[in-house]
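Coming up is one lone chain in structure tokens, specifically the form predicted on its own.
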């Protein structure tokens, strides 16, 4: 790609002679500077490439390929090789998540993905949730360094797995683009992240520079760039999502929702962008729920009630060990539609032999030995209500309704795997035409790839930040009160969910 963050150039140079004894580095930089794509650009040669010039240049007959990396303002020659190797040119991009790190090796010639991997983030050993990790490292430089190196370890693991899969070596890449939330970016850079959590939420940086990979202990010859963020809870992964979906360039109004421990939201189009973030709760990620777990082998990810019994699908087959986010959504939808649970999330005794009581609390045994309790349902309701109220509050602020929305993006793996119908049934999604509900997948990774292939996206992302009006939902005085209306399946106002009403009527369950 002509505008990527790294370039490879084949040079056929005149060797030094008595009448032309310019230094090797000057000879190469001049040749590169004469090329149209580098004309007038700032050029320099890195120390690794400089050290390689002898005996590489004379032994190759002064026919070499140089790799250039973009440092944010100019170009640096980071690698020199004999002959023409321009047919082999790869870059890396990554989604630095709190649970997993997803990475791609991308062919810089045509933008195709040569390999894709996902590894668990080693930070997990310092706490399953982000807040535990933040407190672990607070005001403890040696612990902060532990978490930083765990982050580096995770990125290295992903790089090593990519090499096993594709044969592409990291040292042959001159660029790595990373998208992650504000906390993950702080940890990668070795910055105490307590400021992300503590008022007044003045974080250490929202605009990371372009860094040499070596400064971050990463095994590339070139440079690393992290997406900028808008606020403490609205980080680079969301800005990357904006680049991925091109939401800000569309005429129609879109909603972009990413639900995890925090809920991040953007509403807008090419004329306006309003964004916000707030705590949603970890229930959708399997947190808090007693038998909850991540979407990995052994997790129940699909549930149906057939012939009065729960039937489950387990990731990887075998015996179920717990239930992940998509399984929770389907379980609750099935409980509600089949009359085992009322709209307030209370299980109804006598509707099924699978409803049991443990320690004085009702629950449903969705798989042998695995119980989903009313307390679990309540935790999910809070998460669902928080996400829905964020959308409703923001739309009220700008004076639009769901009728004005052309696309409702649900980002991340969670959105990809959730049944749209189940999501609507329990009020996690609005009751709109299903083709308007879009699951674009890992937009954080997609946006990182788009950035890798186009340095112009850096300026684009930074311009987006200036356009985004930000709401901190935690500072909205009546937000908890507003959530009360959404603390029901699908909502206390069932008129908002006509398709759910029709399905209940079809089943003989008029409410």
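All values reported here derive from a predicted model rather than from experimental measurement. Positions refer to the first chain, counted from 1.
The following text describes the form predicted together with a further copy of the same chain, which does not appear among the structures shown.
Looking at a further copy of the same chain in the predicted bound form, residues 47, 148 and 192 each place a heavy atom within 4.5 Å of it.
This chain appears without its partner; in the predicted bound form, the one residue of 73, 112, 401, 306 with a heavy atom within 4.5 Å of a further copy of the same chain is 73. Checking 87, 200, 433, 318 against a further copy of the same chain in the predicted bound form, a heavy atom within 4.5 Å turns up for just one residue: 200.
Not displayed here, a further copy of the same chain is approached by residue 215 to within 4.5 Å at the level of heavy atoms in the predicted bound form. Contact annotation for residue 42: at least one heavy atom lies within 4.5 Å of a further copy of the same chain in the predicted bound form.
Under a 4.5 angstroms non-hydrogen atom cutoff, a further copy of the same chain in the predicted bound form has residue 25 among its neighbouring residues. By the criterion of a heavy atom within 4.5 Å, residue 464 is excluded from the residues contacting a further copy of the same chain in the predicted bound form. Contact annotation: a further copy of the same chain lies within 4.5 Å of heavy atoms from the stretch 204-212 in the predicted bound form, the single such stretch among 166-174, 368-376, 339-347, 204-212.
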